[in-house]
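This document opens with one chain alone, in structure tokens, the form predicted on its own.
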């Protein structure tokens, strides 16, 4: 895990993502301003002060482009627009201006792997084999035996090749059949994507979260077979273009691969590909550790992470807007997590994941929630919060598929949680239900409760921003005499921070080696290296000096 980082102070503001707090939200489900049951940019702009007050520094928007909305906006029909249900380009620009006024950067999901089958490019491609858009996608007369086999959505789809009657050929779709894959080996496709990225950078975005990176870098050509080209040249070109247009722009990659395959996605020592990668391996190990009440699985996962260039960072998350994928666990480990957190079949999806939020999985257990989110903010990397996590929002298993965790934000205990004045039957997604629904869990109630999860989260966000050692420092696992305890030490610019977490529902006593007197930065008092941790307890400690 350790890396040789000696970072001059002058570059810390340039590489802002190293010590950022990212907040992911879906415009569609955040705030409805006009009563049609769908969130919009005007509603989001009205709620900016909640986000600024929480202390996050960067907003990540899920797709907001024009779409048939068959896959929650990931089926794009126009890379240059705003879906009419969500507002106009003018509304978007006003939102970005307001966010900037509050000190918030904005990044957005960008879908490079595929479009909607209703995109004009695909409509032109299927209509004429001689169309210049034909090679924007991957077509074959017969699916090749040695072609790609990693279907993203097993169950809903049984093949990643779909015969198109109008085109007279099969097209590739790793995702749903209505999402044909773009041919990333085609230079014209790359130019189109670059133009669109440049457009949004000009309108104020600070970067992009790139969806499904490993799929499009495989460089599939018109034959459907992997070529011998440098499969990562596209990432270098994309990074170079984005940073030419905006020097402090960030590229965050969704790359769910084994640890030994991750390093190449950052690039060489200068980190010239993706600036940040989500740590899916560590995320899955966290859940196994929570189930076993043993820090071992997470410690082992962290120890397998490759060293990364100085400018790069891990994106750290507890839950995201997709299913909680458990594909990197063994069958036995996955079953352990299923039994504990998704005992009913309706809670599972694709045979590999869970479609619940963490508060529902933990039954609202405040001690374990604090443990998990303290880990989020103190593990190596940049924390990424999913909207509603700050209040312990729940889910709705009656919603289809992964939409169960994409329910509307819960602002009040009023009808539809204050998200919309529309009839509940007309909401884009039903609100969360049960004990974690808006009647019991909402922003308004927690704002006025000093002990609420919202106020706890606000305090720990502020603490994380005041602890740059975690974002910039050299992380190292510390050996302690209790398997339930994870201890991490960070060194940066002559300062030391140690973060300690007890995964067990019992007390733990440990002694930290090679440190002097410590300051408990959560409690604001001095303490010795000999610690007594309450069940599911945690400490953030800075060496006194």
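Positions refer to the first chain, counted from 1. Just so we're clear, the structure is a prediction, and the values are computed from it rather than from any experiment.
The same protein has a further form, the form predicted in complex with ligand NOJ, not shown here; the description that follows concerns it.
Site status for ligand NOJ after superposition of its pose in the predicted bound form: open, or blocked by 3 or more ligand atoms within 2.4 Å of backbone or C-beta atoms? Site status open, zero atoms under the 2.4 Å cut.
Looking at 211, 272, 135, 294, which has any heavy atom no more than 4.5 Å from ligand NOJ in the predicted bound form? By the 4.5 Å heavy-atom cutoff, the listed residue in contact is 211.
Considering non-hydrogen atoms and a 4.5 Å limit, which listed residue (153, 338, 265, 79) is close to ligand NOJ in the predicted bound form? Contact residue from the list: 153.
For the chain shown here without its partner, which stretch in 256-264, 236-244, 357-365, 71-79 has non-hydrogen atoms within 4.5 angstroms of ligand NOJ in the predicted bound form? Of the options given, it is 71-79.
At the 4.5 Å heavy atom threshold, is residue 300 in contact with ligand NOJ in the predicted bound form? No.
Mark residue 179 yes when one of its heavy atoms lies within 4.5 Å of a heavy atom of ligand NOJ in the predicted bound form, and no otherwise. Yes.
Whether residue 406 contacts ligand NOJ in the predicted bound form should be assessed with a 4.5 Å heavy atom distance threshold; does it? Because a heavy atom of residue 406 falls inside 4.5 Å of ligand NOJ in the predicted bound form, the answer is yes.
Counting only non-hydrogen atoms and a 4.5 angstroms cut-off, does residue 310 reach ligand NOJ in the predicted bound form? Heavy-atom contact with ligand NOJ at 4.5 Å: absent for residue 310.
Can you tell me which residues in 312-344 come within 4.5 angstroms of ligand NOJ in the predicted bound form, by heavy atoms? Contacting residues: 321, 322.
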